[in-house]
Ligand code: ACO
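One chain comes next, on its own, written out as structure tokens in the form predicted alone.
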């Protein structure tokens, strides 16, 4: 895929990090049908790119994403049922299906405005670091509509019920510091430090065993809706699956470094990965 041909998305890959930016700065990166189609292709491509270990989702200019483009996504498609259907499919596919299940860690780097529909991809990312100066809002109530298209679902799952109700019914805006306080984002930092903090987290994640990271994110998302017994059974199965799929044999590497070589101290960072360590070794049966 030639990323240089994209019009609504920018992609840059460096040091194992894919920097993906919504690229409609003149519209505060409001999402259009064409942007949705491009993002579907981008995420599918990056998911299979072995050079990518972490994905960072941001926005060009002074906005992260101002939600859906009211004219292009709604009004212009009202009398075009086929085009509306395809746009809605792509809209849901990249913002939730592909992003929430992306096989590598994802970080939302919220550099500015984040409104309405943008809350879906915000919650779909594993981490979110926002500028203190970023501005958030569930403004649907002011348009005479409800937080739909999964927004209503992700806010009641990801926020306290009181906060979800308050901000969706008042439309009140709040900054990055407040977003961190109510746990909408992982962390809030001054805008001047946003890129540095995001990059530090991305590089730290890139050092860790990729199969372990993938299994952790898959497991934690699903066990939230399970009973204790279901979760215990599921997590045991995922642990066995992880050891089977881990071509680096990270568990064995860590144990060897800790027990035999005395070179690894748990709690002081990741063990030293050897990506080729398990390439030609048989898998354990249990």
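Worth saying up front: this structure is predicted, and the values here are computed from it rather than measured. Numbering follows the first chain given and starts at 1.
Below, we turn to the form predicted together with acetyl coenzyme *A (ACO), even though it does not appear here.
- The closest heavy atom approach of residue 70 to acetyl coenzyme *A (ACO) in the predicted complex falls within 4.5 Å.
- Although the partner is absent here, residue 145 lies within 4.5 Å of acetyl coenzyme *A (ACO) in the predicted complex, judged by heavy atoms.
- Using a 4.5 angstroms limit between non-hydrogen atoms, residue 28 touches acetyl coenzyme *A (ACO) in the predicted complex.
- At a distance threshold of 4.5 angstroms between non-hydrogen atoms, residue 139 is in contact with acetyl coenzyme *A (ACO) in the predicted complex.
- Comment: 116-124 is the region of 205-213, 116-124, 77-85, 96-104 lying near acetyl coenzyme *A (ACO) in the predicted complex, near meaning a non-hydrogen atom within 4.5 Å.
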